[in-house]
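Starting off, we have a lone chain in the form predicted alone, written out as structure tokens.
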Amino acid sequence: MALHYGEEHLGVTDVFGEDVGPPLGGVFTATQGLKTAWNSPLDERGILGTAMGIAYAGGKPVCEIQFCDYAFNSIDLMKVAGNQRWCSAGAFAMPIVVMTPNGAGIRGSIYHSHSFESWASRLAGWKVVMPSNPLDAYGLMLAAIQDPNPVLVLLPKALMRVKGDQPIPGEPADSDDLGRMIDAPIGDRTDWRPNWPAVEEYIVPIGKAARVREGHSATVLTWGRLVPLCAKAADELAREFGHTYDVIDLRSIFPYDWDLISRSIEKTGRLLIANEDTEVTNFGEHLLRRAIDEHFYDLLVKPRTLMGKHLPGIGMNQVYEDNSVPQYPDVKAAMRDITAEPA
């Protein structure tokens, strides 16, 4: 629906990638029925290079890398895309959006379970966002489309089928009604056209985090798939032990909302950073370093991180996946531990 709004109101000229156009409309069916959607060859570098060319020619493209696991072979072009506006002192915009599913949680095994946000955070010139719910996904996508810089929209794979608590403005109240309006039928789609709801503009500013739970026992900074897990753990620990947590959904990996994070650390004196990317040169480590640099004397106990294990990949077996990236019991235990440690 965000891409449809972008086509109709924000000047999106192309939505493309592997299987993005008809008949499939994306492996997660997120691009069905879009009038500007078309299929590219299976070539991630070609996809990114084409997006840059469209932008140079005055277009406004949104392209998809089918899974973030296949973005690694296009990092060189991402570096080029990130420096174009800077090199021209703002004279040449690079208004491209790259969307890609990110992270584990779908038993995708070794080639469909990577996280990309830590790699992406090193691509100077890019803005990088990761929503944890449908409304934020809608609002961040509209913000990304409007931005003159390249924006990477990382969509947590495990949350692609999770219904949100807050509707998109203009979305039908009944999800079944929405499905009948915009979900393509199984079988022949030759004459099918979506009946788009009259969705409205809703912008989530890039660089603004969200406090999804409020408390005083500790600050829990997280993003993506782990956001609902941290919120659930906060609710359970409040009932069981009376602890309350500031659970912050980062939403934007870069730029990020240090003001909100900083104020929360000053309030609670305890910090846990939780995410599923691998633990060596994890973006959470950057945030941990900054917290120590700027809030060493505000911290009551050592700050800590909860991250994925530094492994070449994640195995297909559910036991392998459960033990490779943080799961709900890990999240709850880490949150309990940081409040239990004496100051």
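All residue numbers are counted from 1 along the displayed sequence. Because the structure is a prediction, the values reported are computed rather than measured.
Unshown form predicted together with a further copy of the same chain; subsequent notes refer to it.
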Partner-proximal stretch of 214-222, 170-178, 83-91, 152-160 relative to a further copy of the same chain in the predicted complex, 4.5 angstroms, heavy atom: 83-91
In the predicted complex, the one of 237, 210, 199, 75 near a further copy of the same chain [non-hydrogen atom within 4.5 angstroms]: 75
In the predicted complex, residue 79 touching a further copy of the same chain (heavy atom, 4.5 Å): yes
Exercise: residue 251 in contact with a further copy of the same chain in the predicted complex, heavy atom 4.5 Å: no
Proximity of residue 111 to a further copy of the same chain in the predicted complex, heavy atoms at 4.5 Å: yes
Contact of residue 123 with a further copy of the same chain in the predicted complex (heavy atom, 4.5 Å): yes
Those residues of 274-291 which, in the predicted complex, come within 4.5 Å of a further copy of the same chain by heavy atom: 277, 278, 279, 280, 281, 282, 283, 285, 286, 288, 289
